[in-house]
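Shown below, as structure tokens, is a lone chain in the form predicted on its own; questions about how it binds or moves come after it.
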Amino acid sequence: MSLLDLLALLPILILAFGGTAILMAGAWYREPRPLLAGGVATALIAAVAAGMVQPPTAEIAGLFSAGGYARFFTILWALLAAAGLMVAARYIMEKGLGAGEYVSLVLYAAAGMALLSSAIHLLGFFLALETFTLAFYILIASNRRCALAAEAGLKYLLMGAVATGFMAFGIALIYAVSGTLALPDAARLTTTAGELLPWGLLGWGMVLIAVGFKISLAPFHLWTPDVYQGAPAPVGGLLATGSKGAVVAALVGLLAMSGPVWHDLTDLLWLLAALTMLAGSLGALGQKNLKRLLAYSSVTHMGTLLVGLLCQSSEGLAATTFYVVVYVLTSLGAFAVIASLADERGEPMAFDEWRGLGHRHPVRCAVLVLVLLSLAGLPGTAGFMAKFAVFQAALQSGYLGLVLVGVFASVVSFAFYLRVTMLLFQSEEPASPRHAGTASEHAVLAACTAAILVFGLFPGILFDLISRILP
């Protein structure tokens, strides 16, 4: 790796070395506040470096891109890490967790997500994916005194190991057929005579299964509700947003480079997208736990994102990228509300704990209502514009059936989102007060709220930027 490659990697190096420095400092200095402040500062510096420092080369070691698309997502994941640490500050101090270890793992995860979003080579895709997945194995089970967290960590570890096996075997088959892991050559599924390469098709199918595990496509989504319920809300927010968003962002970049790699998998992808949207929306209907509801909600949104990827057009990729950003903002806001209301009784999860809570904490519950309605696709919110863009691209690509399934899933989603909204403001049984929250938690909620409203009312701001940076 040359000096130019290292300069292009500057934001990633800031995250990685900053995380290492905080990890070493935490071994001798146990006061959490300076370590948390250092982690937030490191993430913000990395975001500024990604936005302000022009990389001297377009590619890094032939594995990762250093273009505008890669830097855009580096900024997003660095800001997500900073917001995640701000939300987690009180959780770390109250549970007595090692701040150095927690902060370093979040920064390592952000570095891995940034690398994944910029992957242009299957080897880079695999390495970056496993980098942040390893960090999440530990973060989910970070509260060792909580049985639910330990169970969630074990389930995520087992499912992650299975997905890694599929991914490695699929990449090996692709290499055996094509002789390379570099795109677009690795995406060839036919010979020069037009004959199908069945082993290459099998390899890409196994990669698709691994991706299905990682982003909770049905029927590979069954781990999601248990892990979301058991993971601490600050970790759940990162898991629901960054880990899934980075995979989708990487797929957008890979598809833009490799062309119609999924042409022979179109029918399977159509079925996966439809099944995922239906499984998520119908599965959420019977939930009585908000975190499990958000898990099934995420399944529905991953199916919608797959619709955008299936279009394989510039409009579809732009809509998918917009959707990823909006999904990150809304899901982070939902988990931040849960974390801000946590007290000595734990996090409010069961619906009975939310009944009448809107009268005790009207501002934060109003934020939760806005976030949920944005996830449902209420006009005037960013979530509506994201769904509209994806479905419009699908119609232009001829996927009318998928659009009808997606609209049906969105209509169903209003039922369970509005159910939570009504619970919040029921007055016959006022809920007991919860924690007042901290300034850092309120700042994250304010930022998410502002972004949801701005991108909902003025989506062109983000769409114009995305159109300029798409690979």
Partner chain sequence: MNHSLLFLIPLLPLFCAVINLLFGMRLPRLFAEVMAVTGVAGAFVLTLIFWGHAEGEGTRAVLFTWLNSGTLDVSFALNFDRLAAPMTLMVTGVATLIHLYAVGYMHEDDDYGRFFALLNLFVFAMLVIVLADNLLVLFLGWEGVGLCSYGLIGFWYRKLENAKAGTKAFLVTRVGDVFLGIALLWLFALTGTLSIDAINDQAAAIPSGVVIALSLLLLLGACGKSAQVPLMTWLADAMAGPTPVSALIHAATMVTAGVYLLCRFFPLVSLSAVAMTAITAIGALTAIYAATCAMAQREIKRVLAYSTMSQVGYMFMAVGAGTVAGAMFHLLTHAFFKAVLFMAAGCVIHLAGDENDIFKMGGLARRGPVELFWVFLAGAVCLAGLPLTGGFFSKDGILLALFTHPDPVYRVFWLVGVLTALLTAFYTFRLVYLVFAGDYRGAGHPHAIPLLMRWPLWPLALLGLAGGLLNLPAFVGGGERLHHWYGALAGREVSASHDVEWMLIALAAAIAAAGWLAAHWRYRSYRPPLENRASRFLLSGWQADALVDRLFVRPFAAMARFCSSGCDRTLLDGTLDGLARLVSSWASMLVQLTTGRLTTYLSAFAWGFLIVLGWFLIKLVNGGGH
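Numbering follows the first chain given and starts at 1. Computed from a predicted structure; not experimentally measured.
What comes next is about the form predicted in complex with the partner chain, which does not appear here.
- Partner contacts here mean any heavy atom within 4.5 Å of the partner chain in the model of the complex, and among 84-92, 197-205, 67-75, 108-116 they occur only in 197-205.
- Highlighted residues Phe17, Leu23 and Leu79: none comes within 4.5 Å of the partner chain in the model of the complex, counting any heavy atom.
- In the model of the complex, Tyr29 stays away from the partner chain, with no heavy atom inside 4.5 Å.
- Using a 4.5 angstroms threshold between heavy atoms, His361 stays clear of the partner chain in the model of the complex.
- The shortest heavy atom separation between Tyr327 and the partner chain in the model of the complex exceeds 4.5 Å.
- Using a 4.5 angstroms threshold between heavy atoms, Phe166 counts as touching the partner chain in the model of the complex.
- Only one of the listed residues (Leu97, Met159, Leu183, Val367) places a non-hydrogen atom within 4.5 angstroms of the partner chain in the model of the complex, and that residue is Met159.
- Checking Glu347, Glu101, Glu353, Asp226 against the partner chain in the model of the complex, a heavy atom within 4.5 Å turns up for just one residue: Asp226.
- Contacts to the partner chain in the model of the complex (heavy atom within 4.5 Å) from stretch 283-306: Gly283, Leu285, Gly286, Gln287, Arg292, Tyr296.
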